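The chain below stands alone and is given as C-alpha cells, in the form predicted on its own.
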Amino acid sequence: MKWLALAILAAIPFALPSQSLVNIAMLTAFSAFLGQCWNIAGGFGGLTSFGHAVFFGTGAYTGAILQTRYGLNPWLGLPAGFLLGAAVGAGIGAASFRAGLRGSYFALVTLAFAEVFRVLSNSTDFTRGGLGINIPLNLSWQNFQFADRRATYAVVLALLVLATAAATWLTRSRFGARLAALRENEDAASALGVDLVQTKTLALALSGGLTAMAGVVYAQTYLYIDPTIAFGSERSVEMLLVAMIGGAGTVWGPLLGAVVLHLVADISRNFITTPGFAPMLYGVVLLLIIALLPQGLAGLWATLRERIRRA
C-alpha cells in the first residue's frame, strides 16, 4: 500500500504544466534520496556521520572527470561513482572501525575526511583546483542532459526507489538484523558473534556508493562542480536533517523529512529574505523534532496508527 501511494505521488509531477513546480518536486526527491543514503548507515546502523559529503563529492568528481578529461559517456559515471564511493566508504570504515571509533568520534572522523578531500580537490590540477569543472552543454538523452526537468526527475526518482528498496531489504535481511543489533548494543552484538568491523564497513560502503551516485546526477544536472559544492558541510547537514526529521532508521522517514524540509524552506523563502534565516529555521525544526518526536515524523505516524488500531 505504501509503495502504491509513493507511485501515485511520484506520478503527479509528470502531469504538472509548470517546469518550476516540477523542479521543486525533483529537488524534494533528490533530498529524499540523499537522506535515504545517509539513513542506511546512520539510521539503520547507528553510524552517525557528519561528513557524508565526502561520498557525494567523490561521485560528482568521478562523473565530471570521466566525461571531460577522458571523453567517456556520462551515464558510465553512475556505476563508476557507485564503485568509487563504495571503495571510499570501505576505506574510511576499515580505518575507523578497526581503531574502535564509534559515536561522536566516528562522526568527527567523517567530517575530517570530507575536509581533507575538499582541500585535496582544491589544490590539485587533476580536479582543476578551485576553478572547478565545467561540463559542456549538450542536451540529449545519450549525454545525460535533459531540456525537460521531468526527465531529471525520473532519474532521481529511480535512484530514490533503489535506495528505498535497499532500506526495505535491511529491515528483512540477516545483514539488516546484524546492523540493528550493533546499533542497539555493540558489545552484546559482538558477544553474539556479529563481526562489528565487517558489518559496519559494508553498511558504510553501501551508503557511500549510493551517495556518490547522487553526486553524479548533481554534476550532470547543474553542469558545474567545485570543491565547496562537492565536499561542503552543507550537503552533509542536509542529509542528516532529512533523515532525523523524518525518522532515522525507518524506511519512509527520509521521504517525509524531505517533504517537510522543502515546505519549510519554500514557505520561509517567500515571506522572509534575510540571509541565513533558512538554516536557522532548519535548526529550530530539528530541535523541536528531537525534543518532541525523538523517532521523527515516521514515529508519530506509527504512534497514531497504533492508537487508531486500538480504538
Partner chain sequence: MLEVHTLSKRFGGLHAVRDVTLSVPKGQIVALIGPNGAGKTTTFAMIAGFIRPDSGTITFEGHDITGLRPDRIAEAGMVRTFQITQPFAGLTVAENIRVGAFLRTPSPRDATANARAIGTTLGLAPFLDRPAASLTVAGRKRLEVARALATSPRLLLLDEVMAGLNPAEIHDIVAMIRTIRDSGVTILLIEHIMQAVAALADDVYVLAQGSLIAQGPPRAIADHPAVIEAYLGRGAAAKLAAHA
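Numbering follows the first chain given and starts at 1. None of these values were measured; they are calculated from a predicted model.
What follows is about the form predicted together with its partner chain, which we do not show.
> Using a 4.5 Å cut on heavy atoms, which of 87, 194, 80, 155 is close to its partner chain in the predicted complex?
Exactly one residue meets the criterion: 194.
> Among 166, 202, 180, 76, which has any heavy atom within 4.5 Å of its partner chain in the predicted complex?
Spelling it out, the residue with a heavy atom inside the cut-off is 180.
> Hey, in the predicted complex, does residue 142 get a heavy atom within 4.5 angstroms of its partner chain?
No.
> Does at least one non-hydrogen atom of residue 151 fall within 4.5 angstroms of its partner chain in the predicted complex?
No, residue 151 sits far enough from its partner chain in the predicted complex that none of its heavy atoms falls within 4.5 Å.
> Is residue 188 near its partner chain? Define near as a heavy atom within 4.5 Å, in the predicted complex.
Yes - in the predicted complex, heavy atoms of residue 188 and its partner chain come within 4.5 Å of each other.
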